[in-house]
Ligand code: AMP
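One chain is shown next in structure tokens, namely the form predicted alone.
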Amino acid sequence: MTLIKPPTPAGISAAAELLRSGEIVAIPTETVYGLAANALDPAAIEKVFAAKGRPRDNPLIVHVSDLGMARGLELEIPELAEKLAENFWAEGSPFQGPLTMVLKRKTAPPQSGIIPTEVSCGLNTVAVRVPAHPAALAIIKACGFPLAAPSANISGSPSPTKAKHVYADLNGRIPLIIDGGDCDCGVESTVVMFDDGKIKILRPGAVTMEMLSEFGDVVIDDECSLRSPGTRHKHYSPKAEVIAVIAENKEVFSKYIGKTEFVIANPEAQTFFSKLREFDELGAERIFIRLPEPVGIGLALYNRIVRAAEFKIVKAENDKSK
């Protein structure tokens, strides 16, 4: 059975002990719950892929306690990355946490350096971030090593934003869940990389294009998305069929509501994945979700909705939007 413990000193200590012994533990972050393993231990990394049923070509994000720990991973950290780290990774910064940076290895595989190739699925880059959740940071500091941590769910299902979501997916597959409450952001981190002095967004998240544009030129680069965790395969999907709907007015959704049909007319980042899971529990066969404007955090939601819908997008009947 999988145990659930609060993020007390005893809970943090129990999590760190398991991680030091090569086990995997579900931990809270400000984005979604992560399934953590010692990022320096290939055998522990294999347990993450096995527990999730995660494809072996989908790289993991390495979570560190601060920029100093990131500097010890034998990665190239360009000046622009240093600047973003100062503004988005530093403790106490207003947007601390939900930014992942894809950095080049100083030594290309197969001589991969300190981070095993299993973490990055053979790529010459490694995705790194500093989580903002106090429990996640406490566990990393107690371990003294970085943690590789994708979302703590069965691969492809809605991301977990509550401990009970993790338990529903992974009970019996992992030894421990640290229950840190509901996640503040509710969507995964923004993933970026750097090329020709530009910031390339590989996966939108809570750190928006508008925020990043204060520090340099920003582009969305789908061609590089293979380097980003969470972009290659079916993601975020409940058991029900999801249909993304273009609609100017939420009133047009009344026609969709039925016994096994549910609607999310005004999706919100913090509750989006939780709603998908809730509707599954209620026996939904179809979930119609209104697409938000793809600006600000709306871009991250738009991305999650169309991927949950496997890119099935329709225009609402009787809608007067152009």
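A residue's number is simply how far along the shown sequence it sits, counting from 1. If you're wondering where the values come from, they're calculated on a predicted model, not measured in any experiment.
Only in words, not in the display: the form predicted together with this ligand, which the text now covers.
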query: With this ligand left out of view, which of Gln96, Thr117, Thr125, Thr208 would have a heavy atom within 4.5 Å of it in the predicted complex?
result: Thr125
field: Candidate from His133, His165, Arg203, Lys200 lying within 4.5 Å of this ligand in the predicted complex - any heavy atom
entry: Arg203
- prompt: So, Pro28, Ile140 and Ile178: all three within 4.5 Å of this ligand in the predicted complex by heavy atoms, or not?
  reply: no
message: Given that this ligand is not shown alongside this chain, does Asn58 nevertheless sit within 4.5 Å of it in the predicted complex, heavy atom to heavy atom?
response: yes
message: Taking any heavy atom pair closer than or equal to 4.5 Å as contact, tell me whether Leu84 reaches this ligand in the predicted complex.
response: no
- prompt: Looking at the partner-bound form in the predicted complex, is Ala149 within 4.5 Å of this ligand by any heavy atom?
  reply: yes
query: Would Lys275 show up as a contact with this ligand in the predicted complex if we use heavy atoms at 4.5 Å?
result: no
statement: TL;DR on 72-80, 208-216, 185-193, 165-173: the one with heavy atoms within 4.5 Å of this ligand in the predicted complex is 185-193
- line: In sequence order, the residues of 275-290 that place a heavy atom within 4.5 Å of this ligand in the predicted complex are none
